[in-house]
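To begin, one chain is listed below as C-alpha cells, in the form predicted alone.
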Amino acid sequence: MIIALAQTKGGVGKTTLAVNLAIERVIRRHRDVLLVDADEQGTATDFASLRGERLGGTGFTLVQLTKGTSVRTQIPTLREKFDDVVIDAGGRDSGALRAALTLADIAVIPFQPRSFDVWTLDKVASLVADAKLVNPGLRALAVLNCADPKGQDNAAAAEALADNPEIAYLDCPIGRRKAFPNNAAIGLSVFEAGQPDAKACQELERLADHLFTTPLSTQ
C-alpha cells in the first residue's frame, strides 16, 4: 500500500506522522517499508540520518525524491520491492506532491484545529480532484493532528469537512503530545521512548490500523 502524507501548508506535523507511521509498520507489523522523502526541506532524511547514527540502522529504507518526475517514475518500480510505501510530500504545492497523489492509495492530510489550517484543506481538495483524473482510486482522508484535549476547535475542524467533496474526515485524532516532537528530535518513534507515552502510542496505533489494516471509515 502507498500512503502519502500530503499538505500545502507547513507546520502541521506531516513529517512527524510520516516517520512514526513508517516505524509503526516495522515494529508492530514487521513490514518491509520504504519511506520516501518528497519534501524539499528534507526533514525525513535528516530524521533517518539521526536515527541511523543513534541505532546503527533505521529499520526502513529511505529514498529522497523531490522532483515530480522522479516520484512519478521511480516509485512504481520501487513499490514492488516493499510491503508498504510512506511518502512524506508537501509543505507546499509542488510537482512532487502532485505526483505522489497520482500514485497513492490513500492521501493522509494532517491539519491542526486552527482556522488557517482548515482553510488550506480547500487547496488540497483541488489537488486531490486533479490527481483523481489519473488515479481514480485515490482516497483522501484528513486527520486532526496536535488536537486539543478539550474545547470546540476540534469539533469545528471536523465539521468544516462535512461538505468537502474530495476529502473525508477520519476520526483518529492525534493529540498535542510532547512525546512526538521529543522522540523525533532524537531519531525515535513514540514506541521507542524509554518510557513510552501510552496515549500517544494508542493514538498512532489506531490511526495506522485504520489506514493499513481495516476498512476505512469516512465518517
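Note that the structure is a prediction, hence the values are computed from the model and not measured. The numbering used is simple: start at 1 and walk along the sequence shown.
Beyond what is shown, the protein has a form predicted together with a small molecule; the following relates to that form.
Item checked: Contacting member of G42, G68, G52, G175, with respect to the small molecule in the model of the complex [4.5 Å, heavy atom] -> None of the other options qualify; the answer is G175.
Next item on the list: Could you spot which one of F191, Y169, F60, F180 gets a heavy atom to within 4.5 Å of the small molecule in the model of the complex?
Entry: Comparing distances to the small molecule in the model of the complex, the residue within 4.5 Å is F180.
Notebook entry, point to check: Taking the partner as it appears in the model of the complex, which of 141-149, 128-136, 78-86, 97-105 has residues with heavy atoms within 4.5 Å of the small molecule?
Noted result: Single hit among the candidates: 141-149.
Check: Heavy atom to heavy atom, is G10 within 4.5 Å of the small molecule in the model of the complex?
Finding: Yes, G10 is a contact residue.
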